[in-house]
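Considered here are two forms of the same protein chain, supplied as structure tokens in two stand-alone entries, structure 1 and structure 2.
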Structure 1
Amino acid sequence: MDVLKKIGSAVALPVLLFAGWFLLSDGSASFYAPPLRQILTAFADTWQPERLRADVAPSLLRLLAGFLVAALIGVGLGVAVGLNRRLRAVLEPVLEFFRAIPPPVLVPVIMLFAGIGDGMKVIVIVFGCVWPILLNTVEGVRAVDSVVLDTARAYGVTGPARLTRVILPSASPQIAAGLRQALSIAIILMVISEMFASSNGLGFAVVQFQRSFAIPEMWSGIILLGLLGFALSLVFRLAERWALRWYEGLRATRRRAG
């Protein structure tokens, strides 16, 4: 029931915003801001199963591939940097330099080396998503309680078992926060990468509608992007709640004890 209530509260505000948009735009005569009623009609006509397979499915696959690769790199490198003080001192300036570079700026450079295929788009997503995951993982690993580490050592928990049973579980709330941030960045970069030399995808479709002055269809693509982002965020929250249920239980116990 709690999950249903949270889903209902998350859906309520978007529904109210759409209702307000529908009412306020109903009498609009602007070519560039048509009524929501017209946009919804274009949405139903445009996003048929064929179009979803041609544009939405490739976008989601690129997003998923880039997000997973970024998660593997970010968590793996973050654990290594967080555990090794010397490695952290060596890599920190380099990581800060690359983190400061906006990923869209590198799209032309990546195109030179990776071409204009799916590889380029996945690399752009990986480059943008890896930083919040990496930095949150480093901070999560560094924040592991020294008492917990000493206790694990006293009980003979060392090597891979220490990593999988002590360090990663203790750092997992911070890692999940980085993954949540990275998911939002992945959606943005998915669209941006598809606006450069692409032949399919949601970003490509929105740009094509804009260039052909199909304004209601363009708005329908933007709405679809928003709905996909909302759905992915909701799925991630449910997965995060399930994976960190032990952490939520621990917090609830501490609140009751306090």
Structure 2
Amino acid sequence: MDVLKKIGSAVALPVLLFAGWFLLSDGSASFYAPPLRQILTAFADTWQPERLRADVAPSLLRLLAGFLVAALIGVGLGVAVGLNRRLRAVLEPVLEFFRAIPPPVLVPVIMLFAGIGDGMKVIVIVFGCVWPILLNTVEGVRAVDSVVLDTARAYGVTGPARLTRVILPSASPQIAAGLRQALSIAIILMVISEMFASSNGLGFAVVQFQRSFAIPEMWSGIILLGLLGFALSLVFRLAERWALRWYEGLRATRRRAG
């Protein structure tokens, strides 16, 4: 019964909004806000398998490649910077500055170096995503409990084991926060880099529809982008919950105790 109630309250508003949009827009003669019925038809017609392969797959691959490279670089450098106090003091303002640059302005810069191919888009994503991951890793590594560190040292845990068994796990909740932030930046940069210069990709397709005034198709592209953003954040959250299940449990116990 409780589960039913939960599902009901989760579904009620979306259904209501969707129905409202459908009914209110049904007679719409507005050029910019076509009836939802028309948008849905356009959605089914536009996003056929070959289109998905031609436009959505390259976008997603670039997103994934950029995100993974950024995660590797960010965590790697972040651990190095976080463990070295002097390096951290020297680099902190520089890193803060790079993080403060709005990532999309990197697109024109990286276009100079890497042209307008796939490489450019991946590099743009890497460059935009790496800062939150890097800075969060630094913070996470810095905040490792010193008692834990001393205990590990006393038990002779050194070298790679110290990194993989002590430091990375302690920092992982922070690293996950950085990765989550980076994911939404990655999606933004994926779209922006394709809007700038591209011959395929989701961002390119949506802008193309807008420029040729194919309004229902444009709306369908916006909806697809929204669904994609939602799906990616859902996948990330599930992965995070799985990877950090020990941490959630720990936090829940602490909260109950505190």
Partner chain sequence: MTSARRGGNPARPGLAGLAGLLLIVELLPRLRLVNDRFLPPTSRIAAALADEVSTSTFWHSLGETLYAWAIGLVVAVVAGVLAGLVIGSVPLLRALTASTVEFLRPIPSVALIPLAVLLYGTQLGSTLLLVCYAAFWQVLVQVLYGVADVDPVAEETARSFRFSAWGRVRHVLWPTALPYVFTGFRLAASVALVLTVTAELVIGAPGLGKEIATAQNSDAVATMYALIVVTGALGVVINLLTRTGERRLLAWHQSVRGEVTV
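Basically, rigid core = biggest C-alpha set you can superpose within 1.5 Å across the two forms. Numbers given to residues start at 1 and step along the sequence of structure 1. Keep in mind it's a predicted model, so treat the numbers as computed, not measured.
Item to check | Number of the structure representing the form predicted together with its partner chain | outcome: Structure 2.
Next on the checklist: Quick check: residue 242 between structures 1 and 2 - does its CA shift reach 2 Å or more after fitting the rigid core?
Outcome noted: It does not reach a 2 Å shift.
Checklist entry - After superposition on the rigid core, does the Cα atom of residue 27 shift by at least 2 Å between structures 1 and 2? => result Moves: yes, 2 Å or greater.
Next on the checklist: When the rigid core is overlaid, by how much has the CA of residue 18 moved between structures 1 and 2, in Å to one decimal?
Outcome noted: Its C-alpha shift, to one decimal, is 3.3 Å.
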